[in-house]
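For reference, the chain that follows is the form predicted alone, supplied as structure tokens.
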């Protein structure tokens, strides 16, 4: 097991190093290293931008099951969900940053504020969203961080001192529990505020696409809703994967997996319903701008992205695994179902972004602009693929480091019986 772990970490480190090199090449030489064209302005990086933002929003909304809606059976995944939301958001911001024509001018979205710009409001929501996630994590972890600070030496003590922000946890169990209750009240308030912000973060990302009237495939009021539901699918799948393999195997382990399994089936069902509705309505209209894009998605050159990735990995296989009696009770199978969702949603995002650019705005436009820089075709370049894989590997390594450093499960507070009498320290 240790050798497998070292091998996995080594491969991630190599991929991350290669990705950083590819990212440096892109930043130093510009967009000429990509296969993007004047008519294919968004590609793999934008697809992974909305992929990461969806993982983040979905993970955050899963945490609200505990801290806002009081479903305490899911409490063990609360910190995992929030940490995942934070790192996925940071990953999404990196992907959209390297996709900018002038990435070093990103700050101009704030200094040149445009009230009518969806992107401007979306950028502001990202800041509020990061603050809320970090504040929730601090309220949840502050006593554990203070304890680890007091038990550590050297660099770790410095890290925990900074993370704890000078917090001193009460010594007496009853005082500690009262402190915990006050902290949870703060987390609940932040969670309530965070729900519309998380919806705005990913629904707003969907709105960035939906307001592009020149792309009929996107131009729909349903598009932001599809983004949100897809985010819930990916967030729930990520939680199922992480908790199945790395969660606390206590008396509530099976119960929580069963709950996540049920939520995943429901979310996938809603996602398929919205997808089918959009597909049928768009094709019933018989408008070329709609039907040709759908034909490209389902029967085009990259048909396998839809049939194998979206339909197979993201929807059918996870539903089968979580429904069949032989597999739905096995944590390894359930973790595999979650992994299928996390991988399959990549196909969903690719099918959302790229096909819309394959349709000519005017018939014959591709023939009148034969230059390769104006082509209506796209496959990511080696630099795009390498940077994407490397940045994802770096994100995973950073998440693993944070998981190992931070207290992902509550270890210091006292627990109470139903009638409120103190039982002692956990």
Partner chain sequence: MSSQEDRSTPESGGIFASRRSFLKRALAGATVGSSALLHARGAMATIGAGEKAGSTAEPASIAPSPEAFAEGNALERMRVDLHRAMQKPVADRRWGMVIDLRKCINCRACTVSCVAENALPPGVVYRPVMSEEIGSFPNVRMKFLPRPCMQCENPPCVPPCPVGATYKRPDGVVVVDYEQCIGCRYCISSCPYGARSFDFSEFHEEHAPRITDYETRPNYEYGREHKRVPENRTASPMGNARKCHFCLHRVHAGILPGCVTTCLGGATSFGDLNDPDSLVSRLSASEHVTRLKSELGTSPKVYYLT
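Bear in mind that the values here come from a model prediction, so they are computed numbers and not experimental data. Numbering follows the first chain given and starts at 1.
Omitted from view is the form predicted in complex with the partner chain, to which the following refers.
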| item | value |
| --- | --- |
| Residue among 266, 118, 131, 178 with a heavy atom within 4.5 Å of the partner chain in the predicted complex | 118 |
| Listed residue that, although the partner chain is not shown, lies within 4.5 Å of it in the predicted complex (heavy atoms), from 272, 208, 311, 93 | 208 |
| Residue 70: touches the partner chain in the predicted complex, heavy atom cutoff 4.5 angstroms | no |
| The partner chain contact at residue 290 in the predicted complex, heavy atom, 4.5 Å | no |
| Distance check, residue 276 to the partner chain in the predicted complex, heavy atom within 4.5 Å | no |
| Interface membership of residue 61, the partner chain in the predicted complex, 4.5 Å heavy atom rule | no |
| Residue stretch of 95-103, 258-266, 74-82, 191-199 approaching the partner chain in the predicted complex, non-hydrogen atom distance within 4.5 Å | 95-103 |
| Residues in 32-52 with any heavy atom within 4.5 Å of the partner chain in the predicted complex | 32, 34, 36, 37, 38, 41, 42 |
